[in-house]
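Provided below as structure tokens are two forms of one protein chain, presented individually as structure 1 and structure 2.
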Structure 1
Amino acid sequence: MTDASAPPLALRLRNLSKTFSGVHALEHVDFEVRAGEVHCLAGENGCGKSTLIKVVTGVHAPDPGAEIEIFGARQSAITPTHARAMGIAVIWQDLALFPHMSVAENIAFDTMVGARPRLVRRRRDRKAAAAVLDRLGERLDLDAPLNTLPIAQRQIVAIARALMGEARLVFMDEPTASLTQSETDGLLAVVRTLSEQGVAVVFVSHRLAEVLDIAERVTVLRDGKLVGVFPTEGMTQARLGELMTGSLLSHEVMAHDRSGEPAVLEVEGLSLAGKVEDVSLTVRRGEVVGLTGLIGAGRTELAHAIIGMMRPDRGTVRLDGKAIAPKNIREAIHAGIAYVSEDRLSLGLIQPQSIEDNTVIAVLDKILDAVGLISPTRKRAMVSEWISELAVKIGHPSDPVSSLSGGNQQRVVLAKWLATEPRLLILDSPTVGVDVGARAGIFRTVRRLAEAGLAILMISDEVTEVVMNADRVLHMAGGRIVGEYDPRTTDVATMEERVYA
């Protein structure tokens, strides 16, 4: 029985299935969201979330038998143009904005293009853009080129553009993946404003804490099937993770005392003008040292200074007691350092190339035959070894690496660098865009590598990750190390209070 006092449905899906080449991406899924509701769509990568969004927005046609109602009207066929006209908008993780156009031009873009060309009226468009930002309670420089804005403000521009098209149902795909905690708090406040204005928001995020904070209900998908619809009140991150993965995830602190082990990495007084100031740290054999702090604290710049991507102004770096000063990443690899970048899409992998080519690209010299050509036999053996070692789920090694899920792509990046046989592994935000189940697998791999003697410096802005998975935690702020903590005696709440202060 329908509750007469409940807000009307913005979207109702029944018996939704979608098949690609005989494989069910979605199978008999029901889903609904009410007007003004913030509803989370949760599940591991590959569970069908993106497919569901693309069906609703007309990118994919559903299999026969599906029932789709949008704002109470039954839909027999949906095209992207039709979806936009009905007030449906998607804000994808890459935002799909124009970096060299102004804020006002980006917001008003959809009104400047259409079936019939029309003259651009900048004054009118600026006024309309300002009105939409005012509706959100935001103030931005309308004339500023988009590429001069931080990512949090670009998210606001993307939301404003959706509202410019009179969106009544907005899908938000991983909107906080690249934001600091304070920026995330600001964005969630904007989402609440949308909800108060009657806009339905479907929120997709791997950050379970913010899912439980912002959403009223959460729909969980697993392997293309509906697990269930649950109120977030009373739900815990642990329980939600179990619903998404179908298994009990460990929440045990993994820290060990490695103080008796020899130092692998020693950094003393390292400085980089305006980025890093007088940083000293040590990572020992078999130790996982977590480096956390807000985005902009200088963590990635510190890593780049260690591996030679940026030249430090002063300070020393020692590896196994020997001073090193790599001028580039190639020299760092030769010295025994591997670096997994936070941006696996542009820096970690060559997306159009195959899984096997990406795996061996950093160690081509190891798979050459007697005449200096790449040996197919050696290549296959190396790829097979690392795919098996890291449990990478693939179709065929010759498939493009872009065909893999985020978690499996990250494992390929690890395989690429571990093939260099490093003594120090630097992991920069290793779980960005990776779902909860794949995260657990990555951290099991990290712990196994540490137990085998590898020294690991793990950078993350997610405090829970470092507390649960590091042996020691360093807090960086303003380019300096401002605190060191033992996860066995410092809980997550205490660390978050200090990091986010």
Structure 2
Amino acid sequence: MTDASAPPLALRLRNLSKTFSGVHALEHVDFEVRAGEVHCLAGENGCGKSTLIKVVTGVHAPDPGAEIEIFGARQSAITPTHARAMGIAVIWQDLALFPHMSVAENIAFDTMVGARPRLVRRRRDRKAAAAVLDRLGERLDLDAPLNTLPIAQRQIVAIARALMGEARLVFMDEPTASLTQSETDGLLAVVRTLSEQGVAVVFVSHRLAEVLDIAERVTVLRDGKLVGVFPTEGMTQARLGELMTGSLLSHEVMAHDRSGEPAVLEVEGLSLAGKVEDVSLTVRRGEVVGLTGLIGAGRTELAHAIIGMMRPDRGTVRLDGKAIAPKNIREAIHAGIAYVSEDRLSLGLIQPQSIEDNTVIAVLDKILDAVGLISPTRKRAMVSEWISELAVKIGHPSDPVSSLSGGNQQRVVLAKWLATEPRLLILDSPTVGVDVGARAGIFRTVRRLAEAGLAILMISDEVTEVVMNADRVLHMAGGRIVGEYDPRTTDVATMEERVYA
């Protein structure tokens, strides 16, 4: 039932199904996007979001019986070229840009594609690229090589490239996953500009707050089935999370008072030229300390200074009362610190290698036999111990890590670090790129580890997250710790205001 006064539809899908070797990726899904609308596609990993995008852009053919209408025209079969010609563009999470080419060349690249050789018309391309950036209200150096730009600006380049191809319906796959709060705000502003210019945007994101902020309507998918289409007005994050996961998520503050426990990590007057200024902090036994602040506040640098990846200029770090000054990660591990870096996909795990090797990589010393060789028996025992401890769902330990789902990969990273039997665990942005259901699992694990006596320093730029899950919250800005909060007596809203201000 369509209202006669409603704006025309950019995309209308009816009864869309897609089966891969007997598995239903999508089952009888209906989906529509109005012209110029910002529409959010929500759901956990594996719910069918990417499959839907791939069907619309012609990468996959739908199962028979589906109806597809693009800008009012019935489509029987879509090819990628056809989709692009109709004005459909996808901005994938990896952006698919060319790092060594200039901004202008990246924006105008699609005009160069083709088998027939033509001369490159640099001046015309530059002008066109500048015009598109103008339309977005953005200023970038057209001649800068792309790899000199921060991710946020690369996003802009990707959007400009889509517009250059006269896109009228743009899919954005997790565009904010690696952006900071302020960068995200900038991107959302650009998305609004697009929508004002009549371009429909389908936004895929795990961050519920921004979904509710930017979209007019949200379509929720779960296990390949349509849960429903909802207006974002009046929708809450909690409700949306429940729709996506199909279960109730707890949203209560978990903080405990651990001030009576002995200190595990004591940092005093730590400074790192230009990054960290005179930071002192304590993390106690069984305590989860949240460290929040904007990117560039020096949170990650502080962690790097503690584990010895960067040499602090001044200050002392004590672990269990003993001063330490690790020179590299190896020494930090030895001292009893485990650091789970933010970029788990490319830095935390060695994707093509096996689950077992990834699990024991940091504890080779513990699985040696009498002559100092790696003992297969001990290795197997170590792996199965941690896999069952963290309930990782795997096929065979010799399968590559890349064969696991995102949530299970998370668990393997944790297993790898917990196997080092650390005294202190530093988690850098543990939920970046993780879907709502799996986030809850991560925090449950964090809480359980703390109960077992581990001291945990949790870095995150999502204030809600730290307030909900930490025992104490430190606010960092400009390389300094500017405030300390007790989650039980702090209001999330006021704190967000202070951090994001």
Partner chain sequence: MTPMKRIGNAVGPETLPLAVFLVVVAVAFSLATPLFLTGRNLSSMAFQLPELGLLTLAMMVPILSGGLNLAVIYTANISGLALAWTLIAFGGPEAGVGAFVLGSVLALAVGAAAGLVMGLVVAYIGAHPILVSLAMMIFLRGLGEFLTHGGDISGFPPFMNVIGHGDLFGVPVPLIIFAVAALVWHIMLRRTRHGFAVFMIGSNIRASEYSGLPTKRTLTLIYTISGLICAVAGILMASRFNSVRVGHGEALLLVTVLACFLGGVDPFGGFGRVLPVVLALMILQMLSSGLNLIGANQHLSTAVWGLFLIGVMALRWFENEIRQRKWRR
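Given the structure is predicted, the values throughout are model-derived calculations rather than measurements. So that the term is clear: the rigid core is the largest set of C-alpha atoms that superpose within 1.5 Å between two forms. Please note that residue numbering is based on structure 1, beginning with 1 at the start of its sequence.
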| property | result |
| --- | --- |
| Structure corresponding to the form predicted on its own | 1 |
| Displaced residue check between structure 1 and structure 2: K322, CA, 2 Å or over, core reference | no |
| Large Cα shift (2 Å or above) at D278 between structure 1 and structure 2, core-fitted | no |
| Core superposition between structure 1 and structure 2, C-alpha change of L368 at least 2 Å | yes |
